[in-house]
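Structure 1 and structure 2, given next as structure tokens, are two forms of the same protein chain, each shown alone.
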Structure 1
Amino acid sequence: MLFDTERQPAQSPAIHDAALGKWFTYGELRELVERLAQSLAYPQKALAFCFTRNDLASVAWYLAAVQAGHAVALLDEGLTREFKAALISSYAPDFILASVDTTDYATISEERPGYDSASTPEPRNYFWRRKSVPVQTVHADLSVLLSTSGSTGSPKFVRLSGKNVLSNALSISQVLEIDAPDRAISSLPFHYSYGLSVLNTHLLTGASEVMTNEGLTSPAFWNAFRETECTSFAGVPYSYQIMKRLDVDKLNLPSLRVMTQAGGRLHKDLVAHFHQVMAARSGRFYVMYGQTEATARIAILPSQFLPEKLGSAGLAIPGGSLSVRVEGRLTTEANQVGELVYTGPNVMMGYANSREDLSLGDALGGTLETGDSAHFDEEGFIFFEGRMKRDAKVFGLRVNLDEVENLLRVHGPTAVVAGGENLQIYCEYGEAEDFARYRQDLAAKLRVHHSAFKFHRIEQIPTTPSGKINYPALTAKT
């Protein structure tokens, strides 16, 4: 699906595993994937659960499962044993793939005697095979399953076809101008749609990626970036709030040429800041918008439109189209606020909540209702108003929680959740006198009494493995 010998010469670097301290060429990666695919022989199209880390073995398992013609669910290795067991019980996967040999899978397979354990000659490649062939079939077009729930262990998956994945990788690589000399670093887990899109686009174009499980605040992460001469960095809004503190110029990254942002709306001040940082080094900063339900990307704002289009998420990716639904009709007219609707070949087949749902075909026909409120400007660029479901009633007035967050993020990392008649605002900054001032500012701008805003100073806003704010964890605090 992603390998093309003309674009990817055998001797070209493909994946660097930072933990192993070793490069693997495209030729070596192909050989490994082919051997692993052979170990996944099965009487029919199968379901594989791949519990991933950012390492070569996980990448190879993902590619091997797809090459073997199976459907692969990419899951976080960091899920608790209870979540793993619940997912395995719910979906009864035909294969369980992992890059680490933990007691989790051994005990789970012992509790479910329908699995045989095995390992491959390659280091750090382990798998368990189901003994009996299930009655439930897997749809011929189904290729990848992604969770939208982060680390909650929800059994709900987005069902993606090979066409979904490939078309999105082609569109993204075209707009971002990804080519063989480019080199990314795994600043996001690749079981997350954004992180997976980084991997797919670089493999598709013959570029390379450095796989590491180190976080942004770890010196080892930046040492790997410098030593392997990475050229690009991908992050969600929280990543860029951290990057602002770290200061790109002080990190000494002479090879950095491209920065991309998705996973939520980044405050305009931070967009302007990182655009200036990259422009000063003749680089590019891209603002992007997407959803797992559209494989990854829906719209991209090319760097040449900054700062002119500051605050915009850009234009639909090649092959896709956008409109907004206003009072039941779809329109592309300027300044009409409504729900954003996307149409394109990367729109998912639908959701799955059980093994039986894997036999279903395409339920959406290429059209996705995003749940985001937005409008176009006169030149067709999209601007967001917020999540349609991220609203709260405060003293009888409807307030958009994303809007409150965006007003405050200029001061630092911020997360807002509803709590009864109040908005609970969690900040990694500020003192009591600062919060009193912010309350008055919000009251004036939103025309809501200042007592509606309750501020809390916390050391770190909880995030999901993909780096997005973990709102359920904050709601539990209220």
Structure 2
Amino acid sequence: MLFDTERQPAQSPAIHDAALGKWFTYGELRELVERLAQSLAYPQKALAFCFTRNDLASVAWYLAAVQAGHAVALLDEGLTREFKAALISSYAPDFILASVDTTDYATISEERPGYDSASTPEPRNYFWRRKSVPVQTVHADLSVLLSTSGSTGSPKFVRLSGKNVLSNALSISQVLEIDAPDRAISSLPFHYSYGLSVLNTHLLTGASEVMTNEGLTSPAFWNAFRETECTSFAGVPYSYQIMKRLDVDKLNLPSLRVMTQAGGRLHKDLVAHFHQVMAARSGRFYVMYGQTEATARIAILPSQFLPEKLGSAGLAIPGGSLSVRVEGRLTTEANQVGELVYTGPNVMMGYANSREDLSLGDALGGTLETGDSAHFDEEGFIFFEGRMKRDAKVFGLRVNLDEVENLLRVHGPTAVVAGGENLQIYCEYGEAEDFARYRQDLAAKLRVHHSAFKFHRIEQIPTTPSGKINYPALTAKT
């Protein structure tokens, strides 16, 4: 198994499936994973698509695919049928693994390349095996594939090796001091790099995690948290906006000791607020920074540096190092603003856009250009200036602006820029009623609340002298 869970005592609790209301020990998890891995025997290293929910069955499939030596792509079970079918058609995975049996899979399995459905002795573990063994090979080091944007069904994946996943889990659990008595709850989907890192760090250290599909605004989520006595909570900036409104102290969570935040910049006021909330209960609050391209985590601000280093994303995780590129030169000097560059064992092998790309080896050599602009302070703590890449965070989800543009271009010339928590969409076409329809359509496809999309009719989208869309000019309008 990826994390050598043999080391964990068989009787220790590993995973609680909240929907089943049942705990699974490390011994039970090992047995289940072993049985499932046997059902994934294949003539060569295979590609498995694992459509996940936050449940035991999905966790077991993920671990089984890795144990069987295959590469596993973790995907959202909630993707629309169209997105699932398109991804399956373009990657032709050897296995499709799921924890629910929907008509989606039955109909998709009849399309290219064709699948036989197989049954396992386990309830809630469904899988389909490809009818023909492909000629393309999967690179020996490739272990996990994660989507670069959770909800758009983008065929662009981040390629991660076993070493990437393991080294990152190890570094994170060191800084966060995760140990066997600790217990997380799946406040984030585990096909998302942050959610996956919570699972991986807890399995690595013999700690436990409660898997639930309930959201933060559901009573069932907080009942599960209280009843299973969870000790930590992980959230993106939007989660913390919700938590601020809900009020941690009124939620009655005596077992809560640690809160972690990543997935975008949290406003300083909220960092200060949650630091105080946790300090008052002798707990810890961690601000973290990372990217799926670095498996999950790149930097963490250890909680003892709050409130002193308020606004900082902290220091590189153990085993990694950071610098900024200023006028083509990498430096760690204080107060120099440039693109943040990270080097470490958790930097991805590269991207994949097609099945053929899965045979590729490491393309980055451990160095990642983050696309974020930042500077160091005198003591080497990172502070962000802004984003250099074309993507945005809306309600905690990373949305690639070019993908949204592509979805709308069928209607006419479109340009999309980020503005606060919203996407500002400029169209050279359409009336209010068309925009209402496009908005609902985007909300359904991307599964983002429709209020995130602000449409504007524009006579002509501004262009640069070279004919490209002038995004800064549009950003200035918002």
Partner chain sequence: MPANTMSNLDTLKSTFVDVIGVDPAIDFNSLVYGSTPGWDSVAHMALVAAIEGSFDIMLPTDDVIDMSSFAKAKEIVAKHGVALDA
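Under this definition, the rigid core comprises the largest set of C-alpha atoms superposing within 1.5 Å between the forms. Here, a residue number simply tells you its place in the sequence of structure 1, counted from 1. Not measured: the values here are computed from a predicted model.
Structure 2, rather than structure 1, originates from the form predicted in complex with the partner chain. Remark: with the core as the superposition reference, the CA shift of residue 424 between the two structures reaches 2 Å or more. In the core-superposed comparison between the two structures, residue 442 has its Cα shifted by at least 2 Å. Comparing the forms between the two structures on their rigid core, the Cα displacement of residue 20 stays under 2 Å. Its Cα shifted by 27.2 Å, residue 433 is compared between the two structures on a rigid core fit.
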